[in-house]
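Listed next as structure tokens is one chain, alone, in the form predicted on its own.
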């Protein structure tokens, strides 16, 4: 039986991530009865505990609201250690603040450049003994840095005690893909290369970098969302049934998916940058960082060999939505091929959850006239549904690794994207509120991209009436 963490330490307690995400998650955990152990914030801000409590209150007022009862319980659990991460005395003070806790979870909500320093001090101060460590993405900047980061983490912690947060795996809709595939008998019959012609995954955002130009210009779309978030979606979509739903069995199958994907080739990638991006604070005037990417890849497995997978993601697009569309091969029918449009399965992950089957039927009137339609099952997320950070922090403290990336998964993801990241592929400009640069036609699914329309059940399809 896995033991639960008896304290939560979060480094970067005065930072932006804590303000926007961690404090709301902690209050929600308290409210559900999932958090009743000491919570120790660590930062170098010259603050005291009362100031951290005030920061938590302000955070909750702006991000979800203050629940008076849960907040009172939260601030009763809250502790604070102020000190420099370079100073061993900070970790001596942390050990004292942990009191009788011997199985803490250390959450490093800090820049990756500080990981090695903090992990080293945790080990030297005995704060790391019997503990877990939770780290935020990005897990390196390329394969070599990811391997170095893993070396640092595994020098002080066992792999089973390392939890690499990709908050996307905490989203219920992302995990609903697994439920759809493995809880429904009928899906297995068609979920393979015999019936599926192509698959497209779109992650669109209708906003820009939102004041994060300095960070984004060092990262770009491929590093920010493709090799982590969207590869996780792809893995859920294409993995084989695990032998069990324990964390290692599930993660084994995800790694197998990535191992079957060859590195992306230049001809199968188009990068774009929205006009106006270079005017953002912190962005270089000659920036070659992409704010849009579309790519094609293949999975050389028994189930998927020969089926192209298309991924696109970008900022300043016409809408905000994440959606999967799998197009089926046309049936061998006597109906003229020109009258047929491929059936499709559409899985929308956000902003609402939708499962829809696109099909053809007779249109009203005389003769053989066909029309497209969708059979839709949809629900919007409930207000009381767990936030992604609440879910992943709770799982890490419980020792459940299912929602976290394993060492080999991280390195395989970098292997796939690294060759094109190292090459000076062109950047094409595109206007905000469009679906990327004109050059995207070079990497486009058969029949065109299916563009999500938020607020409408039917999507827009190239060459098809919605």
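Just so you know, these numbers come straight off a predicted model, no measurement behind them. Residue numbers count along the first chain shown, from 1.
As for the form predicted in complex with a small molecule, it is not shown, yet the points below apply to it.
Contact with the small molecule in the predicted bound form holds for all three of 207, 212 and 315, each having a heavy atom within 4.5 Å. Contact between residue 280 and the small molecule in the predicted bound form is not found at the 4.5 Å heavy atom cutoff.
At the 4.5 Å threshold, heavy atoms of residue 309 stay clear of the small molecule in the predicted bound form, well away from it.
Among residues of the shown chain, residue 391 is not one whose heavy atoms approach the small molecule to within 4.5 Å in the predicted bound form. For residue 164, no non-hydrogen atom is located within 4.5 Å of the small molecule in the predicted bound form, even though that partner is not displayed. Between the small molecule and the residues 344, 271, 106, 171, the one pair within 4.5 Å by heavy atoms in the predicted bound form involves 171.
Among 252, 224, 217, 323, the residue placing a heavy atom within 4.5 Å of the small molecule in the predicted bound form is 224. In plain terms, the part of the chain that comes close to the small molecule in the predicted bound form, with a heavy atom within 4.5 Å, is 224-232 out of 185-193, 263-271, 224-232, 353-361.
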